[in-house]
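Given next, in structure tokens, is a single chain: the form predicted alone.
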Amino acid sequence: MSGGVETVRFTLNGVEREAPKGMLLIDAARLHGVDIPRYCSHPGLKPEGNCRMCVVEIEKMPKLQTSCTTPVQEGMVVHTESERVLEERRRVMEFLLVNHPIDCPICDQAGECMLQEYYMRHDLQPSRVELEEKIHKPKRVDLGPLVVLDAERCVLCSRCVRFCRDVAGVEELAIKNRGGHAEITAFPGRRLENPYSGNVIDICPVGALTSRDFRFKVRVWFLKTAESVCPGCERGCSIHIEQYQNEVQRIRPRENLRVNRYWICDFGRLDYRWINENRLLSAEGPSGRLRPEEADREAARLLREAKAPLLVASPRMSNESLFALRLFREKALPEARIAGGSFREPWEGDAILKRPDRNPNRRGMETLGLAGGPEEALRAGPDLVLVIENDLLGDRPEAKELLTGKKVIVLASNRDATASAAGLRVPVATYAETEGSWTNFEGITQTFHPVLRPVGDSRSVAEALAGIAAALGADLGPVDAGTLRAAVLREAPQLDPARGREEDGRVG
């Protein structure tokens, strides 16, 4: 071990190992590639040791111990796969399945259920309880706006109860009754509706808590996944975007200890429908639909004729798109003014994840020297405005007066208010269809990757700018994300996504 951390040496399944002093055995084993099964244990929650699935045998200790509550100690000799341990796991599994409905074929959690996986790995024995003798509990319980409970499937690990109490800071869930009749419930008169409620779906190890938004949409094994970053605010939570048939089906948190740990807010979880809906599929001008090359020529004509063009960047653009815009101004339109900013009103942040600024890349925009505020630039009297990924009118309808009398070209992914008011609309891809990076308020840069094919005639912002530049007689050079990122890092190495990876291996 390095970094000045005090370590202890212990023996794990016959092999001498090393781990930080005080680390729990379940984590120390995982550190060395030994995955101990668990239900109640979760790295983002305090240990509780109630499911007994993670028991291990420790020499000189007469009873099996729960590895999720036992710290590793110097000289400890631990066995995770001994006969005593395996037999105990089989007993735990049989106990958990006594009253389980065994409805895997219709369960929405099939394919990512720990009960299903552990049965195959550690049990594989027929039930000694007839189906008609099982205790039946409530199904399809409306716990809150996002979560549906099937109490029969619950293994009472209490992860959801502890998440609400220890992470969200609210007392919304509890366990009522005793023995075989125990079940998860909301407190009387309350619902599961805190701003982080959807995380209980992710941490539920079985199919007890399911997403009202995702239920029965598609089987999970049909989903394709990409690592991405939430665009909801300047926190930039790490997420997984999952798609089926080129439409986003759900968003889940991605572990990143420096940014969002294991969680996302409910707004970020549901902030994907705009990617699927109301898309701008082709370029449109006053005469109607345009092919991409026609749109490039029309944009070039308008820009060439303009006496005082203004280019408006957005803190929602990637670092690579922002750099491409700078190249565009330098090589194709040096007389143009450039401004960056947003009219998006801040929302109320909190002490968990949500930040007041609802733009994911203000820090990157400022670092690349593109901040300056669009309002002042618009009042300076440009006769043409090129707006990129920035819904000025949707964020502040009264800003219409700032665009009155000006020719407006937009590069937008959706038919938003600004795009609808523009004279020329050029479709561009969303962050789910392209590669790029955003830098959050703490200076941490993360990359996102495409999970969807661009719809219609959409191109990346850099490709759209390169097309218009070519029509103006300028060459921006290669505009793929890798080339642009290398150029960004030559000028601003602090925007390197690799910075910080050494600390936790998760960033980027």
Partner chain sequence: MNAPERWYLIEVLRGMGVSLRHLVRNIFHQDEMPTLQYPEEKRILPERFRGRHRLMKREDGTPRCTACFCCQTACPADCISIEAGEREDGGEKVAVRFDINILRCVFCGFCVEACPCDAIRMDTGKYELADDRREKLIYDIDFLLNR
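Numbering follows the first chain given and starts at 1. For clarity, every value in this text was computed on a predicted model and none was experimentally measured.
Missing here is the form predicted in complex with the partner chain; even so, the following discussion is about that form.
A.B. asks: Pick from 193-201, 326-334, 216-224, 422-430: which stretch has a heavy atom within 4.5 Å of the partner chain in the model of the complex?
C.D. replies: Single hit among the candidates: 216-224.
A.B. asks: To verify the annotation, which of these, 179, 75, 105, 288, has a non-hydrogen atom within 4.5 Å of the partner chain in the model of the complex?
C.D. replies: Result of the distance check: 105.
A.B. asks: To verify the annotation, which of these, 91, 139, 301, 396, has a non-hydrogen atom within 4.5 Å of the partner chain in the model of the complex?
C.D. replies: Contact check passes for 139.
A.B. asks: May I ask whether 150, 153 and 244 each come within 4.5 Å of the partner chain in the model of the complex, counting any non-hydrogen atom?
C.D. replies: Affirmative, all three are within 4.5 Å.
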